[in-house]
Structures are given as C-alpha cells and as structure tokens.
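A single chain comes next, written as structure tokens; it is the form predicted alone.
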Amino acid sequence: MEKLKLNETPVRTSRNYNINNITLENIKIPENIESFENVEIKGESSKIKIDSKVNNCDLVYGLLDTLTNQVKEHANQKLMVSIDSKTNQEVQIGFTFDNKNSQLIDHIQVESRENTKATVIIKYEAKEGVEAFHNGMIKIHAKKGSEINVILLNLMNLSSNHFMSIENELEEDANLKYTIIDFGGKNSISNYYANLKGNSCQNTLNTIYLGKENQVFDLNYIGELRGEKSNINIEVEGALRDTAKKHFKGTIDFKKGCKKASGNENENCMLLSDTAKSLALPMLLCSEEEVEGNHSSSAGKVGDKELFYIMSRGFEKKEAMKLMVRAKFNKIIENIKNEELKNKVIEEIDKRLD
C-alpha cells in the first residue's frame, strides 16, 4: 500500500486552503499488470480507424510521475483513434471491469486531420464487488478546423480507484468539446490540460460529478491560452451526499500572445447532507493585455423552499432530491445526443441517489 501525493496545482496557494494537491493513503498500485480483454468498440469505419500504434509522449502536467510512467511503460490497452471524416461520425470505446479484468492501464490518443468531425465516446464501468484499478491517459490533437466532441463516462463502482490524465492540443479554428460524467470510484482523481495554441480555437469542458458514501473527487482543470481570439469555457456541476468530498481546482492562464482571448470557469456544488465537503479554487493568471476572464464557484445545501414545493406535489423526499439533482445536471446531460447513453446517465443518477 502506498501514500500518494498528487495532482498539484500549476501555481501554489496558501497551505491553509489544503487544495494545492491531494494525499491518498493505502493505495495499491499494481506492479504486475494483468491483461485486460473486456473492451468493446463500436462505430469504427474507413473514416475513423482504431489501432494500437500509439506514440510515446510525455505529459505537461499529469497526476504523478509514477502513474504517468506506468501508462508509458506498462499499458495493457493502447488505442490510436485516427479521424478522417468531413461529416460527424460516432465511435464508442467501452471498458468493463470484472473479476477477470480488474486492472486497466490505458493509453488513448486521438488524431484528427484538418477540417474533420467526430464524436468519441469513452466509457469505464465496473461491476459491483470488483476492486478495480484504473490508470488512464487520453491525448487529443485537434488539427486546424477540426471539430471533436468527446464524451467521457466514469461509472466505476465505489470499491475502485480511478486515475485519469487528459491532455489536448488545439490548432487554429479547432473546436474541442468535452462532456465528462464523473460518478464512480472510491477515489476519482483527474487532471485535465488544454493547450490552446491556435488562433480562434475553442475548448468547451462540461462536467458533472455525483458523490456518495465516502467517495473522494479531485478535479484539476488547466487551460493555457496562446492563440489570438482563443476561448475556453469550463462549466462544472456537482452534488455530494453522505461524507463525500470534492476538490475542484480550475486554472485559466492567458499566455503572452493571446490577445482578445477569453476564458470562463464556473463550478457549482449541491450539498445533500451536512457532512459532505466541497473545496474549490478557481484561478485566473494573465501575461497578456486585451483579454477577458471570469470565474465563479459556489456550494450550498438544497433549498428548503424548493424541496417543500416539490414534495407538496406528491413526491417523497428522496424522489424530490433526485428531481432537483437531475434538473441541475440537465443542461450538461443534454450535450449527449446518443439517447441510449443519455438514459444510462439518468439511470445512474437515480441509482446512486437511492
């Protein structure tokens, strides 16, 4: 069992905030990596090809060198998604953990050609009772004029550990959208980095998280804007019950040369119990003039008036809570155009609030 200190903020703040990093104890990082065969791929075509020839690459940030090196040296799933479609096509990659497939070290790369479009869905799901370990890396290169829509679902069980590093590079006029559903794992630790180097490129990141029991979420989102008129928009909605905890760290960094760039980040947390805890650190850094940046963060309990109103319409308290959480999440869930997947997310919300 190891003690891990990971997911450092790019700029340190006062230690009193207890949010510069996160320390996890009694984490077992597997040394002898077993094979992982429970992978399902749908939608591969002549315009979206998937093979195992990934490129060796370092991360600008990442969670921790130990975890990064494990992916680089011992990944048991390597997938390169090559996009050459002028019209939007959808590809799905699903990983299911069970007793025979409990360790996943995955390295996924997405490469788009210029002026191409695609939707890439990546799902992680663990069956109940499986003590799963997941350590993943996703790297996306969005070339000039490309439009990539990524839907990432973490539906792991509460006996699992989920570590995810995501890095993106955006060229001129590229449009990269993420919808992240972060529900699973006893510990769910994620690091997201976007390098907006192209002029007029756009990065949208929409996340919902839902915690119960003693789950721990640590979200470290970093956007560096370098291209003129580049834009990043981060929207995070969450709900916590029982003794669940969440740390949100959002950094938008305006680098020299990004004139007329804009960045916005907003994080809201709904507290469903008196013992749930939410910490947030939104940051704006700036080395350029003529830019616009906005950030906000809030956390609060469910309103008694709203709850009373819904219950007065014949709903029990638990059902009223579900309705309020779904309403809070709905705007982000609507980004998922795949109806089967959307219904799966709604079912998971109800299941995890029972």
Partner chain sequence: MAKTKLDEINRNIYDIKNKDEYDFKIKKGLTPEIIEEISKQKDDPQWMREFRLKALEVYNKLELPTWGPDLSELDMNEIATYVRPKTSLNSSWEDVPEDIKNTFDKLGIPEAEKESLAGVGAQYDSEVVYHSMKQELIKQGVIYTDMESALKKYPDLVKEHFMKCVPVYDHKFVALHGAVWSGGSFVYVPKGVKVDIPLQSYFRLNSPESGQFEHTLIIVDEGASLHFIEGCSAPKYNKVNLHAGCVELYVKDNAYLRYSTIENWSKNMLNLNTKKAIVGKNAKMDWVSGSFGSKISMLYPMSILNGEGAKTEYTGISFAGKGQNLDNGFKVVHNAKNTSSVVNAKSISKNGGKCTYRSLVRINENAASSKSSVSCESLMLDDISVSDTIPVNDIRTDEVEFSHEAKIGKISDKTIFYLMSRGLSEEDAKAMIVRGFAYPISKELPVEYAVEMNNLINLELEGAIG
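In this text, all values refer to a predicted model and were calculated from it rather than measured experimentally. Numbering follows the first chain given and starts at 1.
The following text describes the form predicted in complex with the partner chain, which does not appear among the structures shown.
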{"query": "The partner chain contact in the predicted complex: Ser296, any heavy atom under 4.5 Å", "finding": "yes"}
{"query": "Interface membership of Asn335, the partner chain in the predicted complex, 4.5 Å heavy atom rule", "finding": "no"}
{"query": "Lys28, heavy atom within 4.5 angstroms of the partner chain in the predicted complex", "finding": "no"}
{"query": "Non-hydrogen atom contact Pro282 with the partner chain in the predicted complex at 4.5 angstroms", "finding": "yes"}
{"query": "Complete contact of Lys123, Tyr309 and Glu340 with the partner chain in the predicted complex (any heavy atom, 4.5 Å)", "finding": "no"}
{"query": "Among 29-37, 296-304, 48-56, 322-330, the region lying within 4.5 Å of the partner chain in the predicted complex by heavy atom distance", "finding": "296-304"}
{"query": "Of Asn115, Asn88, Asn99, Ser273, the one that lies within 4.5 Å of the partner chain in the predicted complex (heavy atoms)", "finding": "Ser273"}
{"query": "Contact residue in the predicted complex, from Glu316, Asp65, Glu44, Glu289 (heavy atom within 4.5 Å of the partner chain)", "finding": "Glu289"}
{"query": "Any residue of 4-33 that, in the predicted complex, places a heavy atom within 4.5 Å of the partner chain", "finding": "Val11, Arg12, Thr13, Ser14, Arg15, Asn16, Tyr17, Ile19"}
